[in-house]
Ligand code: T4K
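What follows is a single chain, given as structure tokens, in the form predicted on its own.
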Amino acid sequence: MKSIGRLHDLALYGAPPAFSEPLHVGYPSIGNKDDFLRRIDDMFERRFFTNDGPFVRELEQRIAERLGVKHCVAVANGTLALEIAIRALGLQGEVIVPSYTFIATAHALWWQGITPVFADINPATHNLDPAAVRRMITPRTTGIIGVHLWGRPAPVRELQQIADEHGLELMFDAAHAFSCSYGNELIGRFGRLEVFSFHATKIFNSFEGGAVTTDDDELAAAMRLMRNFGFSGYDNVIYPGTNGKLTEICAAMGLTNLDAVDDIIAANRSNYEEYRAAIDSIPGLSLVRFDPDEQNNYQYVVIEVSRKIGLSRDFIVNALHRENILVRRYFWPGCHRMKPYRDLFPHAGLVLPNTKEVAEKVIVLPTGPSLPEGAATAISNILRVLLSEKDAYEIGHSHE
């Protein structure tokens, strides 16, 4: 790694980037490769590759036990998990969701003819604001989807109270929240059900995959039907289902990573603490904190850029990219400002001021077990130099 004591000199004179290899957000974490390969050998010996195989059943059981929930229904990916969950709940009409989330949360509704109604977030938590949810309820509203953003729990109690008052279904998108807690209880059994993603970028991954967890026996049975074309036993289709099955090779990866997930979380926490110690002293930047009384997986290291520093968030992102630090702008610009929903709901932004503000100041930093030792401090120092020498750095790239 190059010296970052005078970042603006490196930029002005065209020196190599600060890091020789790119540092990524969401770089896949893996468990023990030999354990995974042993499971693959077992899979080939059995010649059982899909259709609710033994690895899938073991994965479901272990996840359910870990989260303290009765049922885990594993499926091919997190988006399918959302779609199956929405259908199992019988949602229709309008469903309230945050705009500040991954686009799949809204798409899973729209694909089933349901209108996503975007409610604003609390700028302090980045999660749904219960007061904003109340304002968006109409006679057509049938449900609420809360999102546990960054693994920090949504306002579960307040959203449940709203759902109960208005006779609405409540579910949660827990794609960020594997092994995170709310009220010292692991996320997975709140609302009627919760949806997880096991995509390669997640803290716990199965290459590609997802799951729905619930304590409701009927919902679990319905979702198991849906993921396998509606088959109930051999040659007996009783529901118009889909193909949502998780393969055995993905489940094998999931089991391998489940063995390692606590070590991955520990590495993430160490990186987070290293970032926190350095970023706390940089004026104009603030680190999104995790509640010390709750459990978190520390997968997302998120900073907010103050408007007062005189540099835009996007300028900082581009400057870091030049140094091979591939930070991200999650979830810019918000679902309501992406083309499908911008065209459908052109005035949605009038009731989403906090969403716009947060989306334009957030940067997500690289972390994970693959982050080189000391990299979190080095990245923080680069940010410090960039902000203190912003005029020189900007001049160095003014003609690109």
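The first residue of the shown sequence is 1; numbering continues from there. Note that this is a predicted model, so its numbers are computed, not measured.
One more form of this protein should be noted, the form predicted in complex with the ligand, which is absent from this view; the next part is about it.
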Y27 within 4.5 Å of the ligand in the predicted complex, heavy atoms: yes
H166 within 4.5 Å of the ligand in the predicted complex, heavy atoms: no
Partner contact for A200 in the predicted complex: the ligand, 4.5 angstroms, heavy atom: yes
Contact test in the predicted complex: H176 vs the ligand, heavy atoms, 4.5 Å: yes
Heavy atom within 4.5 Å of the ligand in the predicted complex - the one residue of Y182, Y330, F290, Y275 that qualifies: Y330
In the predicted complex, the one of Y298, F204, F102, F118 near the ligand [non-hydrogen atom within 4.5 angstroms]: F102
Segment assignment from 184-192, 72-80, 223-231, 128-136: heavy atom within 4.5 Å of the ligand in the predicted complex: 72-80
